[in-house]
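One chain comes next, on its own, written out as structure tokens in the form predicted on its own.
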Amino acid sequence: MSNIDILTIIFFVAIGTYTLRVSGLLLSNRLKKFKNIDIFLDSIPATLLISLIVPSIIKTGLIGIIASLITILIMYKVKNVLLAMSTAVFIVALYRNGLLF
């Protein structure tokens, strides 16, 4: 592969990336004209976070469910994200190293 080919690929990938970013901004400006679209747009980060977390919890199995429940309980009681997430990671690490159950 020559340098011209590599530069061509980089150029088209840059155009594609720029187009995706600009199209998102343009689309979001048009979507604000619709009623209740703000509620939908406000809920997207939470749904994206859930869609990223839930598959890994299910993949981990029962210990993932237990760790996530403990995380929710700690967040509800203490309201400390770092402590809650560290506890969940610690529980899963103990399980994976055979020190739990």
Partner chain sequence: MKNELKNGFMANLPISISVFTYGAVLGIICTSKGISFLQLALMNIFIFAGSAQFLIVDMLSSPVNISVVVWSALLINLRYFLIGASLNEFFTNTSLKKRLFIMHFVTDESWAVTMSKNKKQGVSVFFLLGGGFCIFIVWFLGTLSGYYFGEFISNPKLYGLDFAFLALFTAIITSMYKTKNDLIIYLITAIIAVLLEKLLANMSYIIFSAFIGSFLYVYLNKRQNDE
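Numbering follows the first chain given and starts at 1. Since the structure is predicted, the reported quantities are computational estimates derived from the model, not experimental observations.
Although not depicted, the form predicted in complex with the partner chain is the subject of the following passage.
Chemist: Check residue 99 for me: does it contact the partner chain in the predicted complex (non-hydrogen atoms, 4.5 angstroms)?
Modeler: No, residue 99 stays farther than 4.5 Å from the partner chain in the predicted complex.
Chemist: My question is simply whether residue 33 lines the interface with the partner chain in the predicted complex - judged by any non-hydrogen atom within 4.5 Å.
Modeler: Looking in the predicted complex, residue contacts with the partner chain do not include residue 33, since no heavy atom lies within 4.5 Å.
Chemist: Can you work out whether residue 78 and the partner chain are in contact in the predicted complex, taking contact to mean some heavy atom pair no more than 4.5 Å apart?
Modeler: Outside the cut-off, so no.
Chemist: Just to make sure I understand: among 42 to 74, which residues lie within 4.5 Å of the partner chain in the predicted complex, judging by heavy atoms?
Modeler: 42, 43, 44, 45, 46, 47, 48, 49, 50, 51, 52, 53, 54, 55, 56, 57, 58, 59, 60, 64, 67, 68, 71, 72, in sequence order.
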